[in-house]
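Just one chain follows, in the form predicted alone, and it is written as structure tokens.
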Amino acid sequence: MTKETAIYCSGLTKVYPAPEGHLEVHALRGLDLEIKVGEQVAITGPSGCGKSSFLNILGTLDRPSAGQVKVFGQSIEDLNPKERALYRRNTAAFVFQQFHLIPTLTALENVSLPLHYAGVNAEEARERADKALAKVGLDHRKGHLPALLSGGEQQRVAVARALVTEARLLLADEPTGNLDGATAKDIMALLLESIGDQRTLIVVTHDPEIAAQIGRRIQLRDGLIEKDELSKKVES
């Protein structure tokens, strides 16, 4: 049975204007790409190759200059602000290098926050946040503020916050960049184990060991795909 297409890009281009006297920055130069539902994909490449631009377009944090991008069949390049907000609430979830936890909220409150924005009632939001924290092994730390958690624990909270919405697309931008090697490997293993086969995971990373844990690796250079290959996963 052929899997549904999660992401389809055709001629995807992103050009950033430059101040007078400087050249434009061509971050993406006509990218053609298809990713299926349930795939786990690492986006790699040198600094400035277009990795973050690609991820930001998928998350509707930025718009392409040209080309087409569809996520689960929905064209996202021309969404209005309200439609972008709904898309980020219902379809795409983020895990960032900087954890972006609210310092005055407990782990449980941070995880349940997107559910409140989505209109989920307080009791259900708490129950779902409890389950998400248990899934990442932090149910015993749910009452702690971020400042009382280690870096690895904070990133686990951020992962739980992304998982709790049940968004079908998970976008991770250097999610292990602030962590030591052992913790980084644990966080990636957690992400890969948690998403299941109905979620699609896109991870931007510069770390070859992290990329090797992920099933498919797409290497960008100068805004185009240089390599697209299956990775040999690191033994846990």
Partner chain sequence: MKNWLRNLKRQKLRNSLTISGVALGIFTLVILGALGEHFRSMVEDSRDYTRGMIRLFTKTNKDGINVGITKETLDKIRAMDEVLLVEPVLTLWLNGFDLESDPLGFMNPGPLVQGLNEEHAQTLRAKVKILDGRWIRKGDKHHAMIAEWLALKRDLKVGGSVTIRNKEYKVIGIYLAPDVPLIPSGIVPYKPLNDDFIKPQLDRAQKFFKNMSKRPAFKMAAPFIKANKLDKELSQSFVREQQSLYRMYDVIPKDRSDAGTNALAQKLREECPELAVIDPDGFAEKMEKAVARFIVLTAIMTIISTVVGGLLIVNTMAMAVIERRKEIAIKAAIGATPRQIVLEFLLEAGAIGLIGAVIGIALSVLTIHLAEPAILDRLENGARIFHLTPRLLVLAASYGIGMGVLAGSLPASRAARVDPALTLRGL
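Numbering follows the first chain given and starts at 1. Computed from a prediction, not measured in an experiment: that's the story for all the values here.
Absent from the display: the form predicted together with the partner chain. The rest refers to it.
Engineer: Is Ala134 a contact residue for the partner chain in the predicted bound form, using a 4.5 Å heavy atom cut-off?
Structural biologist: Ala134 lies outside the contact set for the partner chain.
Engineer: Please tell me whether any heavy atom belonging to Asn56 falls inside 4.5 Å of a heavy atom of the partner chain, as the geometry stands in the predicted bound form.
Structural biologist: Result yes; Asn56 sits at the interface with the partner chain in the predicted bound form.
Engineer: Mark His140 yes when one of its heavy atoms lies within 4.5 Å of a heavy atom of the partner chain in the predicted bound form, and no otherwise.
Structural biologist: His140: no contact with the partner chain in the predicted bound form.
Engineer: Please tell me whether any heavy atom belonging to Leu148 falls inside 4.5 Å of a heavy atom of the partner chain, as the geometry stands in the predicted bound form.
Structural biologist: Leu148: no, not in contact with the partner chain in the predicted bound form.
Engineer: Within 4.5 Å of the partner chain in the predicted bound form, do Ala85, Arg89 and Leu113 each have at least one heavy atom?
Structural biologist: Affirmative, all three are within 4.5 Å.
Engineer: Counting any heavy atom within 4.5 Å as contact, can you tell me which stretch out of 29 to 37, 193 to 201, 60 to 68, 180 to 188 lines the partner chain in the predicted bound form?
Structural biologist: So the stretch in question is 60 to 68.
Engineer: So which residues in 81 to 104, when you check the partner chain in the predicted bound form, have a heavy atom no farther than 4.5 Å from it?
Structural biologist: If the 4.5 Å heavy-atom criterion is applied to the partner chain in the predicted bound form, 81 to 104 yields Pro81, Lys82, Ala85, Leu86, Arg88, Arg89, Phe94, Phe96, Gln98, His100, Leu101, Ile102, Pro103, Thr104.
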